[in-house]
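Given as C-alpha cells, the chain that follows is alone and in the form predicted on its own.
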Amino acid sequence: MSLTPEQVLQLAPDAASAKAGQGLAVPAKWPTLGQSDSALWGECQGSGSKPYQVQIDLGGGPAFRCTCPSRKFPCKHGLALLLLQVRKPDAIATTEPPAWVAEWLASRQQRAARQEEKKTQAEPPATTADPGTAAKREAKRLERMAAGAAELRRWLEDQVRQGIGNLADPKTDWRALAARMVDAQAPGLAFRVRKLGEIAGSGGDWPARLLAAMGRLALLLDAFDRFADLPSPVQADVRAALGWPLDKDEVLAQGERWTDLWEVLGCQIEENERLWERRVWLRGRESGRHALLLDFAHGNPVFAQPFLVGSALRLTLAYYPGTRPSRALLVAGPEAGGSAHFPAQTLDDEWTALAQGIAANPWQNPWPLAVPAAVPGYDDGGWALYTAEGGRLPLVLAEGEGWRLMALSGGMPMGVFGEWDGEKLLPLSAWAPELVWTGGQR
C-alpha cells in the first residue's frame, strides 16, 4: 500500500487527533518499531508505566489497534505510526511480526474469512419468520405511510393555493411537519420536508428552487399512490426515497453482484444529532460504473472499513435494486489495487449520464460528478469552477479550503470530483493529474 501523508490524515476522526498524530510521528517517540509486507507495529511511551502497543493491518485497509484508552478511532498513536512509515519508511526495520502482532493479524484473518463466508452463502431472509406476520407488519406500515403521505399532499396543495411567500417566515414549523412524517414511518418524506425548510427564504431565487423541490415531492407522493402498479425497479426507487429500503440481508442475497477494481474518488462524512453518515463514492476502472457505499455510526464517526480517497481496491459489491442502481453493499474484499486515476470521460459525457440518471430516478440526491478540466476561482457569486467549455459551476466550499484549492491549481485546469445536488457541486477530491486535494470530510 502506497499512501501519502494527506491520505493518512483523511483517517483522523477530528482535527485534534490529526495534529497530535503529526507531533508523535517521529522515531524518537517510539522505543520499538517494525514492519512487514502486511503489517506495521510499534510501541509508544504514553503517560502510563507501559508503552502503548500500536498495530496496523495494511492489507486493504488500513485497520488499527492500540492499547491506549482513547475512544477515538484511529487514535493519535495509530495515525502517528502510519504517518511515520509514510514519511520515513527507512526508519522502520523490516522483520517478522512479534507474537502480539501475529496473533492479532491471525484473528483478523479468521474473522474476515467467517464474514466473507457468511456473505457469500447468504440465503433469502425470513426463513424462520412467519410470512403472515411479516405481511401484516408491512400492511400496517403502508397504512401509516399512506396517512402521512395524504397529510403531506394536503399541506402541499394548501401552500400552492395560498402562495408560498409565507413559507419564508421563521415561524414556519418545519420540524413539526417532519416529525409527523417520522411518526408515519416515512423518514424519507421527513428528510425532504426539512430540505424545503432550508430552501425557504435562502437566496434570492428561493421561490423557484422551493417550487421545484415541492414538485419533486409531489411526484414522489403520486408514485406512492400508484406503488402497486409500478415496475419493480421503480418500486425500489420509491421505497428508497420514502426511507423504506430493503433489508441488507435481502440485498446481499438478491442484489446484483459486481466485482471490479474500484477507485475511491470521494468520501463525505456528516453528523446530524450524533448520527454520523459516511458516503464513499467508487468508480469501477473496468466497468465505468459508479457505486455508493453508505454507512452510519452513532456517537462517534467510527466505521468498520476505512476507504482512502485516491486508492484502488478489488471489491465485490451487491447493488440495491433500482432503475439505475448506485447504492451498494460490500460483499468481498478489499484487496489493495494501487492508486486511483481520475475518470477519462468528457464533461459532456458526465452531464449526459447525470441527466439520464435524474430522468430515471428524480429522487436520488446527490449525484456523483467528475469535472475533467476546470480552474477554481472566486467571484461575486462565491467559489466556483470555470470549465474548459466556458461553463461556471458554483461550489459548496469553505473559504479556507477554497483558497487552498485555488493555490494547488495555480491557475491551471484540474480534475474535480464531487457531489452535485442540482444547483451546486460539493468538491470531494481534486486531481492534477494525481490526487492533490481531498475535502468534504465534515
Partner chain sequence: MSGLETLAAQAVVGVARQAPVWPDTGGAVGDTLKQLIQQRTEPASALLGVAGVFAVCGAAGYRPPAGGNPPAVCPPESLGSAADPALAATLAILLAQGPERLQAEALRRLAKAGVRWPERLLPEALDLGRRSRALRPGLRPVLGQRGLWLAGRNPEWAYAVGSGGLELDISAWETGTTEQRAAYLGRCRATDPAQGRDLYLQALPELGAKERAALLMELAIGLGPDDEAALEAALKDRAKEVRIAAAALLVRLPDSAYARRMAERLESCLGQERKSLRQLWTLEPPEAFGPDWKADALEETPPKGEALGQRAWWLYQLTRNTPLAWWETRLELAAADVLEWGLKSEWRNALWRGWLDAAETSAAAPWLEAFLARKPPKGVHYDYRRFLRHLPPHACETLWLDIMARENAGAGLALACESLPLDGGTVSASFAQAALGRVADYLGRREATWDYRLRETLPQFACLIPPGLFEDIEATRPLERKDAHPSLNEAVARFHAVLEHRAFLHQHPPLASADP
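Positions refer to the first chain, counted from 1. It should be emphasised that the depicted structure is a prediction, and the values quoted were computed from it without experimental measurement.
This next part talks about the form predicted together with its partner chain, which is not shown.
- Contact annotation: its partner chain lies within 4.5 Å of heavy atoms from the stretch 206-214 in the model of the complex, the single such stretch among 101-109, 289-297, 206-214, 306-314.
- P433 falls outside the set of residues with a heavy atom inside 4.5 Å of its partner chain in the model of the complex.
- Its partner chain is not drawn, but in the model of the complex it has no heavy atom within 4.5 Å of A135.
- S17 falls outside the set of residues with a heavy atom inside 4.5 Å of its partner chain in the model of the complex.
- Taking the partner from the other structure, its partner chain in the model of the complex has a heavy atom within 4.5 Å of a heavy atom of K29.
- For the marked spot (W351, R404 and W437), a heavy atom within 4.5 Å of its partner chain in the model of the complex is present in each of the three residues.
- Contact annotation: of the candidates A146, L156, I92, L261, the single residue with a non-hydrogen atom within 4.5 angstroms of its partner chain in the model of the complex is L156.
- Shown without its partner, the chain has R87 as the single residue in segment 64-92 with a non-hydrogen atom within 4.5 angstroms of its partner chain in the model of the complex.
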